[in-house]
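In what follows, one protein chain appears twice in different forms, each by itself as structure tokens: structure 1 and structure 2.
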Structure 1
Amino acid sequence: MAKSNKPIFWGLFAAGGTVTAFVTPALALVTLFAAMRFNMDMFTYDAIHAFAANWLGKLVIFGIILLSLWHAAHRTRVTVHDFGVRADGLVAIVVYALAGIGTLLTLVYLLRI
């Protein structure tokens, strides 16, 4: 029996799970506040743009999005299996491709800011 290559993805899954556990609730709260417009001065274009315009901000945003994507992708793969779908190879390609596309798009958009 050959050793598994799952560690590549599991490493990202575990790191991502930790990062999303720390930041996603607060992020979701911020976007929820923005959506409900509690305060017109919050979540403004200027403030967000200023954060994303410097390289440290870009790095933080990229790190959070990259790890969230790969965390979610890997867990989705396992969850689809748990729901009874027996097509792990195909599912893996789809979910990792989604994460890969998301990662690329994030890079492109960040470089445009």
Structure 2
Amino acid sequence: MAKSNKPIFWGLFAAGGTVTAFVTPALALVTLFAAMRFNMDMFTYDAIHAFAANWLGKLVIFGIILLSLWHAAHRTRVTVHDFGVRADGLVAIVVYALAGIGTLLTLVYLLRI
């Protein structure tokens, strides 16, 4: 089997996507807050807890975590395949089961708030 540099480039692609996914929205949000003259009291425990206790806040948090878990599961499956592990069925079961468990735990903990 020929060696491939594919995992290196996929790793860089994934790292770049992760940085962009986290930094760009945070930067846009901070800029929006600054433009609208919000104060730092919005980031207290009580304010964030109130957001998480609201049904819309729970839906937003659940959606972000759900999509992140399933994206990570698929990326992990592809990366493991690129590293030469050809037991794709087993890898798929493991990574998607972990994403499913994480999704259920997210739902349980959000409903407890």
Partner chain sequence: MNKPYVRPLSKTSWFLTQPRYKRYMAREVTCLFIFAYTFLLIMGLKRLAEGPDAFNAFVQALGSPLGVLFNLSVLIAAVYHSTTWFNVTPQAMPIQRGEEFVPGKIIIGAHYALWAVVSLIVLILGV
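Only the largest set of C-alpha atoms that superpose within 1.5 Å between the two forms is called the rigid core. Counting starts at 1 with the first residue of structure 1 and goes up one by one along its sequence. All figures in this text were calculated on a predicted structure; none of them were measured in a lab.
Identity of the form predicted together with its partner chain among structures 1 and 2: The chain shown as structure 1 is the form predicted together with its partner chain.
Met42 C-alpha relocation of at least 2 Å between structures 1 and 2, rigid core basis: Met42 C-alpha, core-superposed: shift of 2 Å or more.
On a rigid core superposition, would Thr20 pass a 2 Å threshold for CA movement between structures 1 and 2? It does shift by 2 Å or more.
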